[in-house]
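To begin, one chain is listed below as C-alpha cells, in the form predicted alone.
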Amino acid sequence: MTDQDPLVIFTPSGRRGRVAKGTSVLDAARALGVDLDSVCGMRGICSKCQVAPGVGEFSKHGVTVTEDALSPINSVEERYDRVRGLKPGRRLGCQAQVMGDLVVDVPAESQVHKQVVRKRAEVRDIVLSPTLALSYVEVAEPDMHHPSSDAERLLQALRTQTGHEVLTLDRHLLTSLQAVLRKGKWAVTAAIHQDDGAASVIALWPGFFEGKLHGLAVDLGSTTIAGHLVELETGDVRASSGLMNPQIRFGEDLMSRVSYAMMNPGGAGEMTEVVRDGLNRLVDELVEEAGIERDSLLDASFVMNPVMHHLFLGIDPYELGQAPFALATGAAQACLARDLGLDIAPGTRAYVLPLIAGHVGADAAAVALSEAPHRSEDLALVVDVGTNAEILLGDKTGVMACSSPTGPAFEGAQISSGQRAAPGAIERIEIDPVTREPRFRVIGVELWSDEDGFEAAVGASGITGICGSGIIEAVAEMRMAGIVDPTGLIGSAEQVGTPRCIPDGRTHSYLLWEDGEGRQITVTNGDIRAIQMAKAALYAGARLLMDKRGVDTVDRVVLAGAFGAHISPKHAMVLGMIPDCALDRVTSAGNAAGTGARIALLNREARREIEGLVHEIEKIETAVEPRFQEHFVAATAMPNAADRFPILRSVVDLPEVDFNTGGDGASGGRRRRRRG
C-alpha cells in the first residue's frame, strides 16, 4: 500500500489502514483485523456485514470523507433493500467498495464478537416513591338529564378517589377514551403521573389492570449506552442491556463530536438522530428481555455528560467547544419521551437529571446522588472513569467537582492491539518479576493462559486483542517487573533480560502473546504513551481538586463507572491514575451513574434533592487552571514525578530502572536497579 491508497478507519475498534481502491469494505475489515460478520460468501444475502459509513470532516482522524468515498449502491444492495430493507444510511460491506478515505462504523449486530457492555445494575436499597401510581375507578355512565363528557366524568371520579385536586388527561388518550370506557363497562384503571406539580392521567386500561408499571433508567455515555428496565412498585430490575454509542463514528471523544458538528452543516442533527435510534434499539432489547408489554413502560430517567445532553435534546453543542463552555441549559428536563424521538408509549415521561457545569454533567450529578459525598464523614474522592472522567471530592462540609478529558485509551482505543471488551480480549495480566514471563486471562474464559485446557477453552475464535482493563494491568505489571521505566520507556532485551522485549522502530515493544501463524499481541511504547496521557489527565484533575481543598491526601477513593469497576486498585495506583491511598480504602461503586439514574427514576424526592445539590457543588474548570498542566506533566511518570506515593511503595516493590539512552533507544544506554 502507498500513501495514495484510500485510508479506511473502522469504529468502534479504531483500526485503520490503507487499502487498494476498489477493495470491498468487508475485505478491508478482514485485512485490518476488524470484527465484521459475514456468512453468505459475499453474495449480499445474509446482511450480517451491514456497515454505517460517515460523510464529512473528521478532525479527530484527520480525514474528510466525501459522498463518493464508497462505490454507488449496486443491484445486489438494491435487491436486498427492496426485499428485506436496509436501515437508512447502511451499506452491505461485501458490496460497497472503498473509493476514497473512509470512516465507517460496524454496528453491534454486525460484529462477530459482540461488545461486552459492563454496566450491570448494582444492588442498592432505594426508598421507593415513584412518580406513577395506578388507580382503578368506576365512572358514572352518560345521562341525558345531566349532560357531561366522558373525560369530565372520568376525571371527577379520579379526583374523588385519589384526592388530586388538579388532575388532567393526556390529550393522546382522547382518541381511545370512549372505546376504553365502554370496553371496561365503565370501569378503568388509570396510570397517574405526578412529579413536581399537577397530576396527569397518562395511560388507561379497560377494567382492572393486573399488570405492573415499569420504568427505564439510562446511562447515556459517550462510548456505551446502558439501560435498566425496572418494576416501579418493587424497584426490581427486570432487564439490563447495553450497546455501543453509535455516535462513535463521528469521534471517539466528546470534543471530536463537537468539532464534527462545527465543521459539518447538519452534523449535530445527524448525531442526535443516531443516538436516539440507538436508544430505541436498546428499548426494544429491554422490553423483549423482560417480556413485558411496551405500554407499561411509562417513566424514564436519563443521565449523560453535557455534550451528550445537548445532542440528545437536539441542541447544537457548538458553545461547549470553546471557552467559557456555556450550556444552553443545565436544568433538569421533564418532558414526554416521544418529544425526544423515543418510540415507547404515547404518554411515557422522560426526566433528564440536571448538569453541574459546562464539562461536568448529569452523569456526575447521578454519581453524587448515588455515592452521596455530601453526607460523608471522611474526605472521599469519587472518580467516574471513562472517556471523559468526572471527579468529585468532598465530605459533609462541601463538595467540589471537575472533569478531565482522559480520551478513549482506557476503552482499548488508540492501543496497537486494543479493542473493546468482547470475548477473546485479554482483560487480566500478570508478569513474573524474575522471568518477565506473562500469563493472562481473556473475556469469556475462566482459565489463565498457563493453565491446562486454556487453548481449548478459547476455541477457534482465539485471542483477539487487549481491552482497557487489560492494557492498564499490562503497563502496571511491566512497571513492577522492571520492563518499563518510570518515564514510560520499554527497555531492550539486554537491558531487561528477556527476549520478549523486541525492537520496534526507535524503541521496543513487549511481546505478550503470539501464535504459530505469526499473529502477535504486543505492548508498544506508543501504547504506554497513550495510557500515560489518559492517566495523567485523570490524576491531574483529582490533584487539582485536592489543591483547591487544601489537602495532600484523601481518606478514601471510590472508582465508579463500568470501566472503573474492572480496574485493579493496585494497578491503578502503580500507574498513578489516582492519589496515594491505602489499597483497602480504594473501592468500586460499579456503575454509580446508572444507580443514580435508578434512584431518580424510583424516588421523586431524590429528583428535588439532586436539583438542589448541583447548585451547592463548587465547579472547577480544569481548562483554565494553570496548575492542571503542572500536575499533568508530573503525572505522566509512573506513578508520579512529583508525588512519591509512600503508602503504595510500602506495599509494592517498584524497581528504579532507567532506559533513557539519549540516543535512538534501541541499544546501549544504562540500567540502574534499585528497589524502593
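C-alpha atoms forming the largest set that superposes within 1.5 Å between two forms make up the rigid core. All residue numbers are counted from 1 along the displayed sequence. Nothing here was measured: the structure is a model prediction, and the numbers come from that model.
Omitted here: the form predicted in complex with another copy of the chain. The next part is about that form.
The partner is absent here; in the predicted complex, the one residue of Val39, Val624, Val651, Val633 having a heavy atom within 4.5 Å of another copy of the chain is Val624.
Leu174 is the sole member of Met263, Leu174, Val127, Val166 with a non-hydrogen atom within 4.5 Å of another copy of the chain in the predicted complex.
Heavy atoms within 4.5 Å of another copy of the chain in the predicted complex map, among the stretches 279-287, 329-337, 384-392, 583-591, onto 329-337 alone. Within 4.5 Å of any heavy atom of another copy of the chain in the predicted complex lies no heavy atom of Ala530.
When contacts are judged by a 4.5 Å heavy atom cut-off, His615 counts as touching another copy of the chain in the predicted complex. Though the partner is left out of this view, Phe209 does not reach within 4.5 Å of another copy of the chain in the predicted complex, counting heavy atoms only. Though the partner is left out of this view, Arg182 does reach within 4.5 Å of another copy of the chain in the predicted complex, counting heavy atoms only. Contact annotation for 149-168: residues with any non-hydrogen atom within 4.5 angstroms of another copy of the chain in the predicted complex are Ser149, Asp150, Ala151, Glu152, Arg153, listed in sequence order.
Once both forms are fitted on their rigid core, the CA atom of Pro405 lies less than 2 Å apart between this form and the one not shown. A displacement of 2 angstroms or greater separates the C-alpha positions of Asp339 between this form and the one not shown, with the rigid core held in common. Ala326 is not among the residues whose C-alpha shifts by 2 Å or more between this form and the one not shown once the rigid core is aligned; its shift stays under 2 Å.
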